[in-house]
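Okay, here we've got a single chain as structure tokens, the form predicted on its own, with questions on binding and movement later.
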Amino acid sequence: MTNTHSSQATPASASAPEIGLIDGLMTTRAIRRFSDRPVSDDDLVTCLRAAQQAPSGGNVQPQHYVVITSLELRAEMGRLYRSAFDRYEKSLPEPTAFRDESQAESWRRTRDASRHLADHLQEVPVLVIFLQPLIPWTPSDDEGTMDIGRLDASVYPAVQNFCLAARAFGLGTALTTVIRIHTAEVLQALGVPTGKDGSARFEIAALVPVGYPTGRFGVAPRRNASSVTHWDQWGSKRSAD
């Protein structure tokens, strides 16, 4: 009898190139410019299966996924995202000092790419909304409440797993959250159920655009890990990486 348990490894798709784990981790940067090349449903399903394998506290697996491919819904998500980004963008202070011109140019590229995504989100072939339930998550005992961390700590690993799996297929992604400004409208448009009293049962953890990038993958500019790493005690440093 064939074993069909979910513990079986997922076969690699024919469209997935060979890519080392570390190389994939190092080059999965935020992609905000996409081509109109269609994305395979099979590849998406593999990415979602990878997301579902992410660790979660107590193995609660709280996340739900809404995969958006229809033109009508992508247009509505694009409208809401652009509205949210317009408001968010106006709140940002204009940076006045950079370490050097390279840092300034990096900031300008990120700003322009973020604006581009806001103006063209509806054109991205696939949008994935990651939802998490609004449930009690702070246990208590006779001594009071216990801070065991936030529920979203059990959701964002799934987002990252999804993005890493997409990278293996040559697909670009970006973890975005600005659309939370219009959470109620998004959930209504997607038919996400509410409580009997009409209250929200879910919140948006992330919106992830998915498509083939028009640019290249690469290592994003980041601070050296050594500059933010402390060994045993705060301030105890080792040689730079």
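For every residue, the number given is its place in the sequence shown, counted from 1. Quick caveat: nothing in here was measured; it's all calculated off a predicted structure.
Omitted from view is the form predicted in complex with a small molecule, to which the following refers.
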Interface segment, criterion being heavy atoms within 4.5 Å of the small molecule in the predicted bound form, picked from 61-69, 168-176, 184-192, 42-50: 168-176
Quick one: from Gln122, Gln132, Ser114, Asn161, grab the residue that has a heavy atom within 4.5 Å of the small molecule in the predicted bound form. Ser114
I'd like to know whether Arg222 contacts the small molecule in the predicted bound form, with contact meaning heavy atoms within 4.5 angstroms. yes
Please check if Ala54 has a heavy atom lying within 4.5 Å of any heavy atom of the small molecule in the predicted bound form. no
Flag Thr138 as yes or no: does it have a non-hydrogen atom within 4.5 angstroms of any non-hydrogen atom of the small molecule in the predicted bound form? no
Taking heavy atoms only, is Gln103 within 4.5 angstroms of the small molecule in the predicted bound form? no
